[in-house]
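In the block that follows, a single chain appears as structure tokens, in the form predicted on its own.
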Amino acid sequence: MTDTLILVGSPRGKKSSSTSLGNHLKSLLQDRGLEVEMLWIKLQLVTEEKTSLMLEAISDAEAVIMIAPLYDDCQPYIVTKTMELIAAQELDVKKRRFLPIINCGFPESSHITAVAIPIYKKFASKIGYDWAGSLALGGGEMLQGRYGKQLDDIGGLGDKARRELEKIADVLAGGIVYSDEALVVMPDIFLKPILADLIRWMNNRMWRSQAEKHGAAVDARPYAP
């Protein structure tokens, strides 16, 4: 039986902040003497055989860590699909621990805690996982995982995330429960009123440009009375 299974739920695969977080946590857990396996959901869902192997790994793990981004205040499709497969298979997960780590491009972790965390909690309760806590990371794009950067490659920007992953590793190794934590990855200076307004304006401009590029009606209100 594997001590801990890390499931990476980012559709970006191995070039993602979720992978960066997973690689770092895997090393910390191995340093504490735990046996750790890490799988990328995107790669496992491509064939029935690989999907079956992933479900077997989930059933065999004493603790499952789901690391994924936030998409529209919710889980990416591949994560939702995996949770549905676990529930449908009625896998033997009794008395096993479940801990999700979610990162969001927006700095406010409330985007994660308002909807995504309750969904994960309901999933864990439904199938019989023991809730081991959760970590919501606001401003996850600052980790630069999409460029292939690892957590140790980004210096001080990764300090907060690294400290929390240390705590999670201690919790899993010690058999105790991590709390539901939320933090902002980006430095406090980026949250100051003037700079925050500038960043918000730049992001909105970028999203509007991308939407128009792909033919979307940015200001459409199809359900307006």
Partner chain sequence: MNALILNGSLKGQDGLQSIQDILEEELRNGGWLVESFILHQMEIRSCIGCFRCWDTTPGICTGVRGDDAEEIIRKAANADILIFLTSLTFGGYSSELKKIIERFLGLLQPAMTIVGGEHHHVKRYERYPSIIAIATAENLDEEEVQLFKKLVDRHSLNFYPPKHRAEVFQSGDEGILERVKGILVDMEMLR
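Numbering follows the first chain given and starts at 1. Quantities reported herein were computed from a predicted structural model and do not represent experimental measurements.
FYI, the form predicted in complex with the partner chain isn't displayed, but the following is about it.
In the predicted bound form, every residue of the candidate spot (Lys81, Glu84 and Ser110) has a heavy atom lying within 4.5 Å of the partner chain. With a 4.5 Å cutoff on heavy atoms, Gly148 does not count as touching the partner chain in the predicted bound form; it lies far away. Although the partner is absent from this view, Arg200 contacts the partner chain in the predicted bound form, with a non-hydrogen atom inside 4.5 angstroms. Not displayed here, the partner chain is kept clear of Lys14 by more than 4.5 Å at the level of heavy atoms in the predicted bound form. By the criterion of a heavy atom within 4.5 Å, Lys42 is counted among the residues contacting the partner chain in the predicted bound form. In summary, the region of this chain contacting the partner chain in the predicted bound form, judged by heavy atoms within 4.5 Å and restricted to 95 to 103, 130 to 138, 71 to 79, 148 to 156, corresponds to 71 to 79. Shown here without the partner chain, the chain has Ser110, His111, Ala114, Val115, Pro118, Ile119, Lys122, Phe123, Lys126 in 109 to 126 lying with a heavy atom within 4.5 Å of that partner in the predicted bound form.
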